[in-house]
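Same chain, two versions here, written out as structure tokens and called structure 1 and structure 2.
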Structure 1
Amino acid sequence: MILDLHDLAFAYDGRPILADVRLGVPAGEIVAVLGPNGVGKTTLLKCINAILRADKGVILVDAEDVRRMAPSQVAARIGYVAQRTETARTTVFDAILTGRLPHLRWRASRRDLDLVGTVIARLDLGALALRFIDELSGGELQKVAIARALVQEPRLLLLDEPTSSLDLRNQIEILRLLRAVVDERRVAAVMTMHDINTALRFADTLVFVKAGRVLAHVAVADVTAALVSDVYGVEVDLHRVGDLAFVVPMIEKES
């Protein structure tokens, strides 16, 4: 297991957000975390990389306790792509290079620069390498954010709604890329999502969160209409065509 969560709980101002969360993610697996708005999906990601201090529970990455690590040690193991990324007058290359921060003393070594060059080439950002990031489109910017997390050389990638602001083509491109990286490097990824059909298409397993608890952690093949209906409180149909599964909400047409 790359990620092992036991009995995780987090409260904000005395109000419980997450309770009794358990999750195990092996190498090579992409997990999509789904659930209604405000259910604690983002909070879960931030507890895993200790941006938020969980009130109790055990968080292990490669069997090491994240809660006992210094922030830079956590960052050397867990890459985080936040929902929003800010821009500045820095080049794409420089923005991605900051991903090396957990591994750096002061000077960026030849290896650091080569690593950034390789990831830029891998993500097809070569033509943009010396462009300023405040001139990029949403899709390009999201690629930069993912590239920054990749040069961190993490064992685990956390992505908070990586496709929410992207058009269809960019969504597919970003998720294909994630799939390829997870497979190539034998790392694991946990991403929050709203679009269940995209999750069914690109993730290996789905985690359904309801009222701060993990309702189910199931493989894509085991997702049922009843489960999805229970989580979102909406009647749905689940169709399967070959390996593909997709969910259609049943909305009665107003007459």
Structure 2
Amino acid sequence: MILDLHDLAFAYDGRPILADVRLGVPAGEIVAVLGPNGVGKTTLLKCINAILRADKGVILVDAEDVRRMAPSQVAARIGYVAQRTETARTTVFDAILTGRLPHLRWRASRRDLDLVGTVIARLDLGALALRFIDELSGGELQKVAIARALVQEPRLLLLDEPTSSLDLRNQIEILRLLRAVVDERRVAAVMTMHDINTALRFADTLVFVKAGRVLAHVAVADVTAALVSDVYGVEVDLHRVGDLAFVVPMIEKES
């Protein structure tokens, strides 16, 4: 397993947010974390990344305890994309280059610069490379944040609603890229999402969180309408077309 969680718990000011969370993510797998608002999805990512310190439990990345790592060691292993990225008066190229900081010694090497250039090209950010990031749209800024995480060359990618500010075309582009990176580099990815149908299309397994606990961790093929209804409190139908599954809420028309 690249990521291995055991009995993770976290509370804000004594109020339990997460309890007894267990999760294993192997190489080459994308896990989508789903559930209603406020159940602890973002908190879970922050605990894994040591942004928040879990009250109890074990967090292992490649069998090493994240809670005992220095921040630079965490950054070398885990790439994190938050829901919102802070802006600054720096160029897109330089902002993405900061993703190499955990690996730099004295200055950026030719390999560092080439890697940034490759990721910029792959995300179609070439036209923005010399623009300042405080001039970008929300969707463009999100792509920069994802690019910065990719150039870290992490073993584990954590993405908090990575497509929330992107249009449909860019959502598909980013998720296809994430799928390719996970497959090619044999890394692992955990992403929180609200769109269950997008998760069913691009993830390998789904983790459903309810009331701070993992209610189910299932392969996409094993998701049922009853499970989705239980998590969200909404009656749904689940339809399959070939290998694809689609969740459709059962909403009666008002008379």
Partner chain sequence: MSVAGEISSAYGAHVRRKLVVTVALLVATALALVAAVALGSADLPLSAVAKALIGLEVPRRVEMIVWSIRLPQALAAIVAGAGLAIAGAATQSILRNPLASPFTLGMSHAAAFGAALSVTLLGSGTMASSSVGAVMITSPHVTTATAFVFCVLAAMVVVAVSRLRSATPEVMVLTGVALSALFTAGTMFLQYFADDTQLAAMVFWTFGDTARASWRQVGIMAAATALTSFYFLACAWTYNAIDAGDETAKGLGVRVERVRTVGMLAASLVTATVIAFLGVIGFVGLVVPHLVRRLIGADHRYLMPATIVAGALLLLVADTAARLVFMPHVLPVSVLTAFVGAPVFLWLIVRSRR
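Just so you know, these numbers come straight off a predicted model, no measurement behind them. Residue positions are counted from 1 along structure 1's sequence. So that the term is clear: the rigid core is the largest set of C-alpha atoms that superpose within 1.5 Å between two forms.
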Notebook entry, point to check: Here are two forms of the same chain; which is the form predicted in complex with the partner chain?
Noted result: 1
Next item on the list: Using a rigid core alignment, state whether the CA of Leu136 is displaced by 2 Å or more between the two structures.
Entry: yes
